Each structure stands twice: as C-alpha cells, then as structure tokens.
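Take a look at this single chain in structure tokens; it is the form predicted on its own.
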Amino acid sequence: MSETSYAVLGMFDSPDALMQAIPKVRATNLGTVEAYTPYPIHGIEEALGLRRSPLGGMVLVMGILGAITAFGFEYWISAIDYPIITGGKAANSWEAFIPIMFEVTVLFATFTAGLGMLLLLNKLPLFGHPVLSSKSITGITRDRYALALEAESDAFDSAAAARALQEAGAVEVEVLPAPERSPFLTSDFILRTLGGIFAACVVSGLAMFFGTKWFPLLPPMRHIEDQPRLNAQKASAFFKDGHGMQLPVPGTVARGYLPTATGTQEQAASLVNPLPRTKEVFTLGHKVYSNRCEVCHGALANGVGSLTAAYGGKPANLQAQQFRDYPDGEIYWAIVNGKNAMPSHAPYLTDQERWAVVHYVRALQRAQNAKDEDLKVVAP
C-alpha cells in the first residue's frame, strides 16, 4: 500500500499489445485507466470507456448565449434607450446587429473553449503532470505506449496495480509519486501577480508616451490635423476646374423632394404623379380647381368658364383629345410654368395641390368621355 502514489505506469511495445491490455486492466477496478501514446490510436477512446468530450456542447451553449446577450444590448440601446433612424430603417432593424452579435458570439465561444478545456477538463492549475517527469516519458513521445492505473483515493494499492499491468503484458512498470499540491491562490501569489500587472502597465504606458514624443509622425500614427481634406470656398488641385466645392450632378434631386418641372414641357412628360387616387386627393383637387381653374376652364374643363368676352383670352378645352393625350407631367408643367395667357400658379399652390389638380382634371376628362367599362348597370 502506498499513500503517496499518484499512478502506476506500464509500458507496451506495440499499439496492439496496449489495446489488448486495456480491457484486462479495466476489469481489475484498481483505479482510473488512462493511456498515453505518441500518436492517436483508432478505437482507444471506446476501449477506455471515455465519454464524448463536452467541450463542443459548452462552446455551442455559450456561443448562443453570447449572440442573445449582444442582441439584447443592441436592441435596448437602438430601439429603447436611444433610438436613432439611420438610412430610413427602423430603430430595431436587426440586420444592423449581426456584426456585433457575431463578434460577441465568437468572444463567448472562444473564452469557453479555452478556459473550459484548461480549468474544467484538464483540471488546471495542476502545473507539471506526474507523467511528464517520469522516466518513461521519452519513450511515450517516440515509440512506446503506456497504460496507467491512477489512484482514485488514498486506499490505492500500487503493488496490486503493478501486478495487474505486468499480467496484462507490460514490459516495464513505473510507480509515479503523488505531486505536492500547494495552495494556488496564496497571498504571495496574488501580490506577485498584481505587482507584475502594475509593472507591465507602467512600462507599457511610459513606452507609449515617450514613443509618441520621439516619433510623432511614425506610421501608422497620424495627427488628425495633418489629414488631407477639401476646405470650403478654397481652391483645390484635385478637380480639373480647380475648385474645392463642386456643383451637384445635373438632375440631382434632394432627398424627400420630387423633381420640379423646370425644363421644357416635353421633358416634364416623364414626371409621374406621386399621389394616390383617393377620395381625399380628389376632394383637394376639386377644391383647388374650383378656386383657381374653374373661372377660365369651366366646371367641366371644357374651356367654357364664367369670364365674359371682355377677357379676350381663349382658355384651353381640356376635354380635347390633345389634352387627354397629355401625360400627367405636361399638365403639371403647365400649372407650374403657365402657358400662353395662363400665368404660373406655382407661387400659390403647394406641390401636393398641383398634383391633386392633375388627378381631378383626369377625373373630369374621364367623366365626359366615359368608356364602356365605366358604365354600371343597375338592376331594375
């Protein structure tokens, strides 16, 4: 009996001898059976009865937890605590959360894999495993195969373990003494660790301070004031015209504003009425038409208004085929710019009112030129 033995190590000359010895040694139930080989041997995990490593499951769970944690923080900040609309997207737009969620997922999974393997599965901080200081370690790392019976309690019988290994075919047997386990988190260790961290911070801080003083423009360090930029109202050699400020590209439209009919009437034909055909839009169009258009063009838009012959002008008959064929953009252009004796109504009408009038004119034209599908048959 030996109270100071950690394990008994048996050496084998071939992997086949090792594999045949494993079930025999396990059957003795003298301690935990462990194998040490210079390279992986197929089927040795099943022979030793080792369960599948839980590290993969640990990493998966913590990775999912990291993704949920990142999503929760980002959702709280972006949608609840300080919502900001960026690029027209909703404050809780989850697509923008993906990069940070990915990073936090990797962070949680990486720390779990490293710390879980070292602290939970490898049982650190046991630095210096007894097998590493054994006489057999040189052969184990080259061409020998070892089987160990490790002590599970103080009642471990090293002599019986040695006999069991020899009977299983071990050519050499070595008893490994139990390592001295001193307390890990001692006051001396904590003080030394904190002192080392403090010294490292001081040294790195001083090195960074003097480094920036001695080499202020050493790449990749750049001072913000030295970066190239274009100053407003200043000349620049970057553009061919020598100006720092450039005019917008022709046809540029400000965000939130529709293009206005500033070109010719033919060019305005491409404009599309942005308003829907709703009751509210037609009501607005009728109101504006009655106030500003009906006096000349008439209630039916047929050019018969309430003006007398003293007016001298001849308002357009909007029921004519020429005007029915006009695109909406050309009618809009006439409202904005005026045509012939008709003045511009742009100063008096908003953009929405102009387009509402276009819709109402179309309704008057359709009312006076109804098609078969517009007729509704009422049952007697």
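Remember, it's a predicted structure, so these values are computed and weren't measured experimentally. When you see a residue number, it is the position in the sequence shown, counting from 1.
What comes next is about the form predicted together with a small molecule, which does not appear here.
Although the partner is absent here, Q265 lies within 4.5 Å of the small molecule in the model of the complex, judged by heavy atoms. Residue contact check for L318: one or more of its heavy atoms lie within 4.5 Å of the small molecule in the model of the complex. Interface membership of H345, defined by any non-hydrogen atom within 4.5 Å of the small molecule in the model of the complex, is confirmed. The shortest heavy atom separation between C296 and the small molecule in the model of the complex is within 4.5 Å. Taken together, the three residues H129, R144 and L176 all stay farther than 4.5 Å from the small molecule in the model of the complex, as judged by their closest heavy atom. This chain is drawn without the small molecule; in the model of the complex, the residue among H243, K135, R292, R163 with a heavy atom within 4.5 Å of it is R292. None of M58, V33, A334, A47 but one reaches within 4.5 angstroms of the small molecule in the model of the complex through a heavy atom, and that residue is A334. Contact annotation: the small molecule lies within 4.5 Å of heavy atoms from the stretch 320-328 in the model of the complex, the single such stretch among 60-68, 36-44, 22-30, 320-328.
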